[in-house]
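Have a look below at one chain only, the form predicted on its own, in structure tokens format.
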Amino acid sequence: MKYILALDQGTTSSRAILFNEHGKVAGKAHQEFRQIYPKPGWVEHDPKDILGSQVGVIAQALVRAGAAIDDVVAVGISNQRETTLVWDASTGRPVYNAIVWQCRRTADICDKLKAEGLDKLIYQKTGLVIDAYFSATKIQWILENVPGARDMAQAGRLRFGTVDTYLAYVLSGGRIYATDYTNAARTMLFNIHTLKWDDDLLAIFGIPRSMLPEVCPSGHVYGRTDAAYTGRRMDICALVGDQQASLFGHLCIKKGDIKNTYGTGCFLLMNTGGVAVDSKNGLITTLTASVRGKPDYALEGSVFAGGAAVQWLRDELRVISSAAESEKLALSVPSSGGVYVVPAFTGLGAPYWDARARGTIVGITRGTSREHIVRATLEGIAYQVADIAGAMSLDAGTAIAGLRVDGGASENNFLMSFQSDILNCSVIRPAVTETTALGAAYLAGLTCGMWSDIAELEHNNPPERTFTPAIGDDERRALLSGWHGAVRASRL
């Protein structure tokens, strides 16, 4: 048996998954790593934690698959997007911690750009709204706040990368310095129409071109790993942002196909084919994964706190001992008792784009219990997804008939059932919910020749369960009205 090794580097953990020739999981391992919060709204990762956790799980996945390193045909890497690393080109050492996509420290920079009237130009070139979410202002912050960084950048001594670029660079011993279209499209520096780094944008943010990697299709032979990290030298045949990897893992390759990933955040993407749809409803336009060719476009909306809200229940409030317990508690009460939880811990993403909104609980009475709070938190995740789905339906001019789902929280049956209720459409959960890693594996496997075409993959991952709506229109409208009132309270 031959395998593709998928390295899925996420916001809170790193995974290694071996997929066999039938696209099935043969072995997997994951390791959580430290989250750093230097100030309210700031989020960082230590690059050593990213690298150490990712390398550390490779051997575990091989052991659990009963496989040898020689059985691995190629490596595919999927990654948390927008998270920004800057390192010294001569030593490979980062000059600062990774600034995570969730971090809001550059909100003031974004406000200044908006005040200067740059919204339209940046959207026209990148498909993105001006927000601290994306990489450009994070790079700018490092250059302006790390002693000596600006001088080093001007001298051509600094390199920028999203996590895919950093991992490929280190794992190859510095021989690979590249990214793919999907990650480049999230930096606010890349023109999604010309498929090139944009000089106008570089000038706006004061970022030298020498800091930027080469950009390639997601499925591409990028180079080889160093045996010191992976046991033997292996081809890296895919780099891809996690959400586009998930879209590809679901085989949402046709116009109108749509999926949502329930990870630390939630990410809803709709394939719009060869047309870059201009959003009128607070969404962004981005690029999809491709193999050896020009990518298609997608509409995307992001929820900043999805699974992170469940982690908050477990780690900060301590009202649950595990994520799985949240489903049991939610089902133990018939409703949330009028309670709404808006988990805007680091602001609200699409369609609101409010960096200053904060987490809010409304509707508490003397009878409110922890079960109500837990249920309302899970419902808050679904409501945020519904807000994005509504905006996406308006932009695309089509109703959403079915939503394909993946990610850790998609295993919560209560959440998936409520999501179907509030969206009024079917929610389709596949047998393999590791679709981010699966997408990276598919891209790498197609690139290296393990699979000859998409048709070979179409029967690999059938639905495990389909959820259908069980409430009426009046109840749905009342629930959404209460939710939107809670959102307004979070933005005061």
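Predicted, not measured: the structure shown is a model, and the values here were computed from it. Under this definition, the rigid core comprises the largest set of C-alpha atoms superposing within 1.5 Å between the forms. Residue numbers run from 1 along the displayed sequence.
Although it is not shown, the form predicted in complex with a small molecule is what the next lines describe.
Among heavy atoms of residue 412, some come within 4.5 Å of the small molecule in the model of the complex. The closest heavy atom approach of residue 217 to the small molecule in the model of the complex falls outside 4.5 Å.
Shown alone here, residue 308 lies within 4.5 Å of the small molecule in the model of the complex, counting heavy atoms only. Within this chain, residue 408 lines the site of the small molecule in the model of the complex, having a heavy atom no more than 4.5 Å away. The partner is absent here; in the model of the complex, the one residue of 80, 377, 384, 264 having a heavy atom within 4.5 Å of the small molecule is 264. For the options 276, 89, 400, 323, the one in contact with the small molecule in the model of the complex, meaning a heavy atom within 4.5 Å, is 323.
This chain is displayed without the small molecule, yet in the model of the complex the stretch 323-331 from 244-252, 122-130, 138-146, 323-331 comes within 4.5 Å of it by heavy atoms. Fitting the two forms on the rigid core leaves the C-alpha of residue 328 displaced by at least 2 angstroms between the shown form and the other one. In the core-superposed comparison between the shown form and the other one, the C-alpha atom of residue 161 has shifted by less than 2 angstroms.
Relative to the superposed rigid core, the position of the CA of residue 211 differs between the shown form and the other one by less than 2 Å.
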